[in-house]
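Next up: a single chain in structure tokens, the form predicted on its own.
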């Protein structure tokens, strides 16, 4: 039976889909059989983040309608035990019922170690559909007050579901601003939202290239730590401000501020 995790957020634009894709890769690099499901019906782009767009003939709606077998709608990312079931392209979100979605997840559970569901942004019907099919929730936010406020609303809603655990990923953290105290500290955000940190992801252009992220990067290191926390509870968090501390770090920070 798989661990089913919904990746959610209070608002769009915080990098939730990018987090889902990169976390999937990080789990797969550890040999974890991982399935990613795009729960954002009609506005889906998880396949794009993985570089898998236009590769499948079938999608989630086709499985639910009995037009194909489950295996026909699942695509494997070459070279990894990482799979994706594309969202429905030709239907409206309201046509995918929560009960049918839960039944689909239950069917898939025996075949994977982890199922990550990329939840639609906001708190509408798509949110309920994705969360009600999950055992765990990860809330993605950025260190901006508006994003944290929206995340707080989602956290309050999640308390109404029978989840085994809720944790946080703070995404797009600029190390120079953190070192100078000019942005919210991820640990402070954790205290505000009253849930533990699963990961801290730095601002890094490489994170947007999950499908071709073979090179070492700060974001890859951060996602590797996050995957380790998910699997074993290691509790290791990436420190984006590390290279901006000390004498040389202060110079780096000043140069970045003046750039």
Partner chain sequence: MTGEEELRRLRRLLFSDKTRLPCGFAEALKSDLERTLSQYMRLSGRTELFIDIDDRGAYIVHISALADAVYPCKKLNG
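The model shown is predicted, which means the values in this text are computed figures rather than measured ones. Positions refer to the first chain, counted from 1.
Beyond the structure shown, there is the form predicted together with its partner chain, which is absent from this document and is the topic of what follows.
Visitor: Just one of 160 to 168, 137 to 145, 74 to 82, 114 to 122 has heavy atoms within 4.5 Å of its partner chain in the model of the complex; which?
Guide: After filtering at 4.5 Å, what remains is 137 to 145.
Visitor: Decide whether residue 188 counts as a contact residue for its partner chain in the model of the complex under a heavy atom distance cut-off of 4.5 Å.
Guide: Answer yes; at least one heavy atom of residue 188 falls within 4.5 Å of its partner chain in the model of the complex.
Visitor: Quick one: does residue 184 come within 4.5 Å of its partner chain in the model of the complex, counting heavy atoms only?
Guide: Residue-level check for residue 184: yes, a contact with its partner chain.
Visitor: Any chance residue 192 has a heavy atom within 4.5 Å of its partner chain in the model of the complex?
Guide: Heavy-atom contact with its partner chain at 4.5 Å: present for residue 192.
Visitor: Is there a heavy atom of residue 152 no more than 4.5 Å from a heavy atom of its partner chain in the model of the complex?
Guide: Contact with its partner chain, yes.
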